[in-house]
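So this first bit is one chain, no partners, the form predicted on its own, shown in structure tokens.
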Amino acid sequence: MTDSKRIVIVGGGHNGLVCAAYLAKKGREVMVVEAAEQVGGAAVTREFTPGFKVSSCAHLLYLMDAGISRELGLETHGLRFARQDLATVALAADGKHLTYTTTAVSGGDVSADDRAAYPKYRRRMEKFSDVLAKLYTREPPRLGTHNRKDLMSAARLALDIRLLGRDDMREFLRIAGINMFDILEEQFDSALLKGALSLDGMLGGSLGPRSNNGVFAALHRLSGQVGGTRGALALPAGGMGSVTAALAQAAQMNGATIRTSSPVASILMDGDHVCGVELEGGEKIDAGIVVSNADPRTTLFDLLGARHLEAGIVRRVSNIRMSGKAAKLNLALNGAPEFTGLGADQLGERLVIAPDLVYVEHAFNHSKYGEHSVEPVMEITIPTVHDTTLAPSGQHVLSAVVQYAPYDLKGGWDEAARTAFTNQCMEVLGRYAPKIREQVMHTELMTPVDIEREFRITGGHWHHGELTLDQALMLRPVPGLAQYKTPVGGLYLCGAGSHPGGGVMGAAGRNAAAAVLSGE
């Protein structure tokens, strides 16, 4: 077995960088090897046409753990925000848009009852999400053991739920695993409000409003803080790449080494223990510990090899649901888009196209049959309203997450399919911004197939696997791998496929670093 004290981290995405920073901070020799020319994984800012830059996948920051940001000093490493606390504008074709923030809802002919109900709904959902946020900062307990540490961790989770109070505990247990459709129908009258709020449980995943686990996904989305506000939305100055650039600088300042353009071909073994990695060019790097930021299937099947694992683990990893259904549409515009009825002061907010719950459900229905949505749902940002560095003067970038575009599209994502879906997206956008086609200078559509190829994410799923209760907490990615340490000696997981899951939050990286240190 190698006697190397080096720790190699495979992949320089945000979790890998967080893991590297914490390990290096504790004095360990850490090397990050990243396949791409720049670190960041799917959280990068890149030029998609000359002069226009965009956040490649996720375009809003709302899940980053406040403790990580503070402990790693991300502000001292250059992290700035172009805008914090964005409101959400639910677009209406007739221009009677509805706006909601973390505390209130207005416009859209919303009733007095809905205006009164919304703050109560929001406070309760944030209270429930705080239970998850606490669990996200620590390693989840193993199932079926009598280990004192695991029993104490499970008891702590139970206590957190019990401390909600009797009524809220009952409600939390009632709704945590159900769908968004039912709870929104219980709470509100406004179709526009319900449609927009349903996206909290849908975006980036493979669920519809009537799908169970939608509420859990929504609570996950609300579990982060930006600027001390639970569930707040922010635009980092310079795009999402500035977040991972700050993480990379934090890792390097603590002593970690980062190598880009260094794709890993395989994880090397000496008996039943890892001994390093081999790059695609043939170079071998010795290491006593390997931590993978890649998704579980890529790590265990492509880099390690299933022959090193027990049959039960292989079967469970094979069954992880990780087929993406979210696409990204990026537009370079020759001027500010004009949305009917939308004031210039609202153009820079988070804009959503989800007119009602039935619309969202019908959009989802197509994906169940291997088809893309004819009437897609969209989350839209125009970051250049707040950050003029992303486009030439007077011109703009429109960035939209589009649901639903299945990875396994019937017939495949050939040029005809890409053109058809792009046209559907533009048609829907045109109902709200009639002149937008005339303003488009360049269009980029990233399907899940493109996301898989560019960012090496199996299935093109941003979260490295569905965020559902059977693939979350102590079951993520699968039983037997939920505590970051794999059955293979010296091999750990730190990516979004591990607890607590997807989104630019960094908790999996920090928790994995703690697991490595405790296992030494």
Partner chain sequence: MRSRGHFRKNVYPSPFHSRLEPLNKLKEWGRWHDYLSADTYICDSKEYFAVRNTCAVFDLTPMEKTRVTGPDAFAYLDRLLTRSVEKVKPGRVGYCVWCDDNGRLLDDGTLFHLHEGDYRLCSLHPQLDWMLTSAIGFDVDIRVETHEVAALAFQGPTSCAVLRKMGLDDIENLKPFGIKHYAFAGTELMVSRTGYSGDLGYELWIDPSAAEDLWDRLFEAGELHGIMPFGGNALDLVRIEAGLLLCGKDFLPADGTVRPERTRSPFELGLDWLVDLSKPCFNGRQALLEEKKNGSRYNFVKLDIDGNKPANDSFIMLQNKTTVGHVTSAMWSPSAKANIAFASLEAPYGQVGEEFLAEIYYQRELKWTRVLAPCRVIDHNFFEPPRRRMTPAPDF
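Residue numbers count along the first chain shown, from 1. The structure displayed is predicted, hence computed values, not measured ones.
If you look for the form predicted together with its partner chain, you will not find it shown, but the lines that follow are about it.
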Inset, instruction - Indicate whether its partner chain has at least one heavy atom within 4.5 Å of a heavy atom of Gly51 in the predicted complex. - result: no
Legend entry - in the predicted complex, Arg307 touching its partner chain (heavy atom, 4.5 Å): yes
Legend entry - Any non-hydrogen atom of Gly67 within 4.5 angstroms of its partner chain in the predicted complex: no
Legend entry - 4.5 Å heavy atom contact, Gly394 and its partner chain in the predicted complex: no
Legend entry - Interface stretch in the predicted complex with its partner chain - options 312-320, 333-341, 233-241, 201-209, non-hydrogen atom within 4.5 Å: 312-320
Legend entry - Contact residue in the predicted complex, chosen from Gly282, Gly144, Gly228, Gly271 - any heavy atom within 4.5 Å of its partner chain: Gly271
